[in-house]
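Before any questions on binding or motion, here is one chain by itself as structure tokens, the form predicted on its own.
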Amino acid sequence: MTRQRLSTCYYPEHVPEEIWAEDAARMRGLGLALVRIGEFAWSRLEPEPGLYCFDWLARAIDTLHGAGLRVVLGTPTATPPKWLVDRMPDMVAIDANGHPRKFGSRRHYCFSHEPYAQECERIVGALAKAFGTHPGVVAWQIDNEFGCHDTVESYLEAALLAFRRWCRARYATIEALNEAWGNVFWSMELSSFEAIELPNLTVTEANPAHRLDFRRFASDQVVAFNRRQVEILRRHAPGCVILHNFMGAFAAFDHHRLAQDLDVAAWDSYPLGFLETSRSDAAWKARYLRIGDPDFQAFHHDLYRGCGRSGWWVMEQQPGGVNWGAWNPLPAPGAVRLWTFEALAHGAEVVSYFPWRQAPFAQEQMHEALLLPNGEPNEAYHDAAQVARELAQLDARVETERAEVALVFDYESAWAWSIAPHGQDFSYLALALAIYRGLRRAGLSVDVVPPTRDAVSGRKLVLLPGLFAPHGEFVEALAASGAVVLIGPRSGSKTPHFRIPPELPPGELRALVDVTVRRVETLRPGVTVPLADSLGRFEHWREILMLGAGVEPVLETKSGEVALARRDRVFYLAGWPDATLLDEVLMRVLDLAGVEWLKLPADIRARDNGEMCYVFNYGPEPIDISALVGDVPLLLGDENLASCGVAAFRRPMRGFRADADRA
């Protein structure tokens, strides 16, 4: 079992060298164990072509290591310096509107630009040779937030040429590509691979099959770009952990595939920033203004835990107000502590606060840190100190077990439904989060997994919200798993080539439950389809089903259409459920699966980490949690759990849920 630790992100190039030792001593005194540095420092590491200036970095690493800290060293490829852009001006990405993503901030490169990739290999190789065996460097972060600021897809000439090569490798003949894309429609047939264009700047929407393949290609380019750096680090930094810091609410490339080359999947958690950019309504945002969505961070914790081969981290944890939201409120007292323990409860090995010192200059000067710009402690400094003391008290370690319930999340589905949402507000991520939110309300620990055989074996319940085009092998794995399966709306509604299946949706999934989706509709906000007996409503998306042999209706709409169908242990849900309907459906499938559940108070969330059970209060008022705790002594918190409060006790949540706690 891995001991759980705290960390921070530090920029020695931002502050005078004479205060490095003071900062390092304060970090260690605070209870931090690791420090990330270097990921944006290319211009200081190589101020001129071929002139490596690593001495300052070596001194910084030695200073931090000498204070008892271990270093996560970033490769600086997210911020190529001006001299490099001047040498190869065609390296900057081109956006979908044909505009260059110019120098002056960050991520100003195209993943398909081969000369830039070679420059990255050069600087990463030099750094790896210099610091790969340094005793203070224990981990490497590759680049920073791949795809941030909409930079996965580039419409540069280099991307076009690479996409043509990708298409040739995938289809072999142009005739096969024309057939796969359905190019006979609108006279879009092509005579050669050289005739392929990128799917932007068309008069109206581009062919969805073309666009989906371009999304697949763009994702593959990110994976390949990352892999080149991984291979260098494996050679020159043996034994070091290799990771990348992913983002929230971001699915532009396949994180599962990229993480296969990493040791650790990390992500950057900004609860208040993400709340402001979410699609939640004004009342929801007002209620959780200073603590964030009760389920958004948890969903991403479980998603990235499912990506990591040997662990997962929070590489950047919001410590105060941020600078990039539409509005930037301050966290409530105790919120930073709650966010930290929420991550630890989901099995994070490391939680790292971003950053250590608030920068007094440039783009992020309004982004708060553990320290104010003058070096005085900010509020989160004291939160981190408290968490460090409590971690030592708990002897907290990663003990997370395989969950009984798995929610399948598929990146191709996210691409497909963003290409053809059919309704302005249809979002695959939002649908997955809605289903996850219902599971959290039931007090469950959930694994968020890819659509693979291994991911669903040994589960009691598997949920598939909006799974675009499940492959036959995965459908067979579901059938063989013995799990109860809940198939959500829009699942199996296309083939991998973005066609309606010949046998109609849900395509391959009809082998599990023989329903046919004959018609679909999307619903504007405020329009819903009520179910019979006031059991809830469909919103956003609704389907009209025809039932085959052996399939029975379980729930119906008020007008008599099938809302939930069942054959044996497989259910099909014919629309996007509101919270009331989702709770009703989950109650039925959880009971059939033999999964014990709770009806938690509205703002309470719970998570198991092995035998350690954590309870969180996201609400504005204290809440009595004595029914959850029973007679077990609390290691953290009180039974009357305060707002932003965290309680912890060492007793499995499973197996002691009394009937009185049930819905």
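Residue indices: 1-based, along the sequence shown. A quick note: this is a predicted structure, and the numbers were derived from the prediction, not measured.
Not pictured, yet referred to below: the form predicted in complex with another copy of the chain.
A residue is said to contact a partner when one of its heavy atoms sits within 4.5 Å of a partner heavy atom; S187 meets this definition for another copy of the chain in the predicted complex. At the 4.5 Å threshold, heavy atoms of V387 stay clear of another copy of the chain in the predicted complex, well away from it. Contact check for L504: a heavy atom falls within 4.5 Å of another copy of the chain in the predicted complex. Though the partner is left out of this view, P450 does not reach within 4.5 Å of another copy of the chain in the predicted complex, counting heavy atoms only. Among V230, L523, V554, L582, the residue placing a heavy atom within 4.5 Å of another copy of the chain in the predicted complex is L523. For the options A224, A480, A176, V527, the one in contact with another copy of the chain in the predicted complex, meaning a heavy atom within 4.5 Å, is V527. Against another copy of the chain in the predicted complex, the set A282, V322 and P373 is in full contact: each member has a heavy atom within 4.5 Å. Look at 585 to 593, 569 to 577, 358 to 366, 128 to 136: in the predicted complex, residues with non-hydrogen atoms within 4.5 angstroms of another copy of the chain sit in 358 to 366. Residues A195, E197, L198, N200, L201, T202, V203, T204, E205 are the members of 191 to 205 with a non-hydrogen atom no more than 4.5 angstroms from another copy of the chain in the predicted complex.
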